[in-house]
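Before any questions on how it binds or moves, here is one chain, the form predicted alone, in structure tokens.
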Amino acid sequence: MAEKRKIILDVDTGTDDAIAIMTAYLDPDIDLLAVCSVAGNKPLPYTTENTLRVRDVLRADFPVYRGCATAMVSTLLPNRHGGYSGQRTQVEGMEAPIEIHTDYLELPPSTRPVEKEHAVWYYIDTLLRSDGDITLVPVGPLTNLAMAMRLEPAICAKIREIVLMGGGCYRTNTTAAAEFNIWADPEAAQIVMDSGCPIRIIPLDATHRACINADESREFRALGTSVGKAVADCVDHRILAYSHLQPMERLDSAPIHDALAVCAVVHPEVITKSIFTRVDIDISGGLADGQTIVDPRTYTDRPRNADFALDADRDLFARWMMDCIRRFQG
């Protein structure tokens, strides 16, 4: 039997992070060591509470560590982030505005506490003691990981691989140039890009090619389990929000960005097209602030540092999600 892949998830838990946590915990080939929270989709108290709620619905025992509440640098300059407060819109006939991530997931309040140790120190302590066999899967802003790398650079040599969700080459979602996770803390993202660790990037270019649709959501709900319902609720919410804010090619579908990164850890074949090249992050503060700069040239000026995904196998991803969620009984 192959050894399970040890991973640490780093999340800013909204709907797709929630599904990423559930699939990572339920995949039989993954050993989920811990989940770290970070500010991103929502402020840290919400993302941490949502993470704890997901752990409760799974009846799981993995530890949850609270991480950084603010970006490293970018929020110090108001002109960089302007008045951005999340993607939302008011729809006629609906009382509340539609947004991709609500403050709280529609799950019961958590009943168990977060760990006392800060996520950054957890990274440092755990990685330094490891055999170099831990894969990091950050699917929110990269603040926690970058802070750990700054405090103790020796951890970089102890990371097996980083599989992160973020960025976009041909697709963006927060500004004309940038995807949210990278835009939220571009300095942190550049620190990770410069770390020398093996990096795979699962950007919008790939996640938008692997949407989950309403028919599949009904299949999750039909499982009749608390986790099946939670996944269906998240997918249905995302389909509604994306239909108004970022319509996909198939209108009754939505990307589950973060879960695709988890899938790629144990099923790298889910990524059907990628380029190994130089990836940097714009930290200038101008119109391209937070842009993921993917060098398309055969001969790059700087050393190649990341494998950047451009396409994904939607059907494989959907089957994997169902296989994971079906494993939960209760």
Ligand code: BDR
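Residues carry their position along the shown sequence, with the first being 1. What you see is a predicted model, and the numbers here were worked out from it, not measured in a lab.
Not on display, but discussed next: the form predicted together with the ligand.
Among residues of the shown chain, M72 is not one whose heavy atoms approach the ligand to within 4.5 Å in the model of the complex. The ligand is not shown here, but in the model of the complex it comes within 4.5 Å of a heavy atom of N41.
The ligand is not shown here, but in the model of the complex it comes within 4.5 Å of a heavy atom of V139. The ligand is not drawn, but in the model of the complex it has no heavy atom within 4.5 Å of A232. Checking 214 to 222, 193 to 201, 123 to 131, 177 to 185 against the ligand in the model of the complex, the stretch whose residues place heavy atoms within 4.5 Å of it is 177 to 185. This chain lacks the partner; the member of A254, A206, M165, A119 within 4.5 angstroms of the ligand in the model of the complex by a non-hydrogen atom is M165. The contact with the ligand in the model of the complex, taken as any heavy atom within 4.5 Å, belongs to N173 out of S226, N173, S243, S110.
Shown without its partner, the chain has no residue in segment 232 to 254 with a non-hydrogen atom within 4.5 angstroms of the ligand in the model of the complex.
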